[in-house]
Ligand SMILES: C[S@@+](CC[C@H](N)C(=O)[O-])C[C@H]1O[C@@H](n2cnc3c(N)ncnc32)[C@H](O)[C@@H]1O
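Only one chain comes next, encoded as structure tokens, the form predicted alone.
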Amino acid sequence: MSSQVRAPRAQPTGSATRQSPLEVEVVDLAGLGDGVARLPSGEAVLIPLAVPGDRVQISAPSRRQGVLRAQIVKLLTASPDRVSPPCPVADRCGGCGLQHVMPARQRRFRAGLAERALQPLTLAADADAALAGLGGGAPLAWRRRARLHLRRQGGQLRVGLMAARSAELVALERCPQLVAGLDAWLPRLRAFAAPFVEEGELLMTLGDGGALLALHVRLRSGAPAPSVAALEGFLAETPPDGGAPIVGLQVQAPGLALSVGAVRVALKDEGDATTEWAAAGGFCQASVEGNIAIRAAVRAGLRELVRRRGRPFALGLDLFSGSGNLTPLLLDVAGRVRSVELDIAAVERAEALHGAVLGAGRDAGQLELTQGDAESLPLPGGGDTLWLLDPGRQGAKGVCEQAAWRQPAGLVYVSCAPNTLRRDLQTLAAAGYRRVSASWVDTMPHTHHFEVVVAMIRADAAFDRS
């Protein structure tokens, strides 16, 4: 256990005043992972890198956007839940906010956030009140998808992540959260991009058989742009020790768009039958284990709804369906499935998955893909319909408002944002929906990010035993 902590760099606030450092006891973790303590006035103050059980000396608190914040000046007594971070820049990098917290305490933190998000929903008759925690077995080297920043500093190109709540770049030589197949490439990628990149982003996705890389950048003034031959040469390089083969490389800049090799890669998290396709800059779950756990929670929720009903649903809607990661699960519980996704590139990747699913002996009429906004499209409801929702952090306000009057018999909601989940569950609870099962999934260890999966039925549905 570490008895020292490097205080993050002080942020100029203008509202801070010079005074003697305060001593406080850290009592909780806030939603983004900051420690919470009480000032003598009774007000709460958020403290980055603090752990419940720490006693710390803090800088003069300053108020930003209505919230009091302070920095650790000195760690006086370390919490038993404090550990030494495995990454040397963990106290500055904004990529992971909880490396200094014992994994078991991180899990209690996520479970508590999930419980609070689920509070609006009462339990359906005979429902299990337990909240299962899934995933979390690989605390390092789990990230197969990443977005890193590129910036020229002191005449050299740096690769890294932004500092927490800052536009300052924290340069990385390696990242312990990246899977080895991507992490091993970072030094070579920096050297490859250095002659022509001024600033931008590096997008990386590792799939079955290799990795996709994309550089979305601004070019150096006066420097020659890269050629297709240069990209092909990099693609042909022997991978560094531990690195995965690069199967596709793109460079995009104002007035320039180059691409060599593959533009998408297969993700076979549960075998060939559920292959999802991903692009270098497209969305997919960041960890294999996390995605498998999400699918397990969704599968369990769907099966419980069918068990209560006694037969499959006539129609299942997969809303915010992305590249189709969860769509095949609906085919096991509904006679027909319709997926809805706004992003055209994701729809194109989902079409490949749909083709593979239908090629496995299913009726082509069972599966339909719609390109559109689930928040504004009129959606079919009624007692023979099941909705599966997997929105982004903004939640599914419009869909849940539709559900309140279209009244699908069952819903499964997959959320990555506890605050918008709670808001949407308040709408559904007022419309008569009750919780059948719920799980939280540790998808991104050492961060405040996780997923909640909750299955619901209407209290007056024929298959509810209330």
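No experiment lies behind these values; they were computed from the predicted model shown. In case it trips you up, residue 1 is the first one in the sequence shown, and so on.
There is another form of this protein, the form predicted in complex with the ligand, and it is not shown here; the text below is about that form.
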inquiry  = Taking 4.5 angstroms as the heavy atom distance cut-off, pick the stretch from 203-211, 183-191, 276-284, 127-135 that is near the ligand in the model of the complex.
reply    = 276-284
remark   = Answer key, the ligand contact in the model of the complex at 4.5 Å (heavy atoms) among Glu375, Asp384, Asp81, Glu198: the residue is Glu375
remark   = Assert contact residue (the ligand, in the model of the complex, non-hydrogen atom within 4.5 Å, options Leu169, Leu219, Leu75, Leu342) equals Leu342
task = Decide whether Pro86 counts as a contact residue for the ligand in the model of the complex under a heavy atom distance cut-off of 4.5 Å.
result = no
inquiry  = With the partner left out here, check for me: in the model of the complex, does some heavy atom of Phe313 sit within 4.5 Å of the ligand?
reply    = no
inquiry  = Considering non-hydrogen atoms and a 4.5 Å limit, does the ligand approach Gly392 in the model of the complex?
reply    = yes
task = Answer with yes or no whether Pro328 is in contact with the ligand in the model of the complex, where contact means some heavy atom within 4.5 Å.
result = no
query = Going by heavy atoms, what in 312-332 lies within 4.5 angstroms of the ligand in the model of the complex?
reply = Phe320, Ser321, Gly322, Asn325, Leu326
